[in-house]
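So this first bit is one chain, no partners, the form predicted alone, shown in structure tokens.
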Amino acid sequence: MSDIKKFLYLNRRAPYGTIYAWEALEVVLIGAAFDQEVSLAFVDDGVYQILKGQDTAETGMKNFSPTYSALGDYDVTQLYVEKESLEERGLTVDDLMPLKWEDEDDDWAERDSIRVVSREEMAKIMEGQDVVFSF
């Protein structure tokens, strides 16, 4: 029996205004460092966490969005974005950061980390996890 568990971090909140998004990202990086199978899901206002061109200069808050680009280096390569959440906010996948990872089994080819899935598919993804953390 494998000791590797499947952890899904469910991000439901906007990136700024609360600590949830930043805390979730830190926990994801820690979990990945312990060789667990880690994936992230972005639903509801959580889809704003991976928007392109975030500028927090006027808020006085640190822009931590560049950290998402490091996820592939931690073997966090499965980022699920709920299609309906994007549509409800007038967004498309083109509005999101181009998050990639390098596939060492395929001569370091770049692969997209983001997979847009339906609400129904997201429910199945959550059912297939050992642990789901909601932020």
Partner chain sequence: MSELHTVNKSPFEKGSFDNCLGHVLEGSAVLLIEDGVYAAMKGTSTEAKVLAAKGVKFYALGADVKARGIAADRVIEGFEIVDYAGFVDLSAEHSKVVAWV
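Positions refer to the first chain, counted from 1. From a predicted model like this one, the values you see are computed outputs, not experimental measurements.
Omitted from view is the form predicted in complex with its partner chain, to which the following refers.
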Position in contact with its partner chain when the complex is considered in the predicted complex, options 80, 68, 48, 101, heavy atoms within 4.5 Å: 48
Location of its partner chain contact in the predicted complex, chosen stretch of 106-114, 24-32, 90-98, 69-77 [non-hydrogen atom, 4.5 Å]: 90-98
Non-hydrogen atom contact residue 14 with its partner chain in the predicted complex at 4.5 angstroms: yes
Partner contact for residue 36 in the predicted complex: its partner chain, 4.5 angstroms, heavy atom: no
Within 4.5 Å of its partner chain in the predicted complex: residues from 33-61 (heavy atom criterion): 45, 48, 51, 52, 53, 54, 55, 56, 58, 59
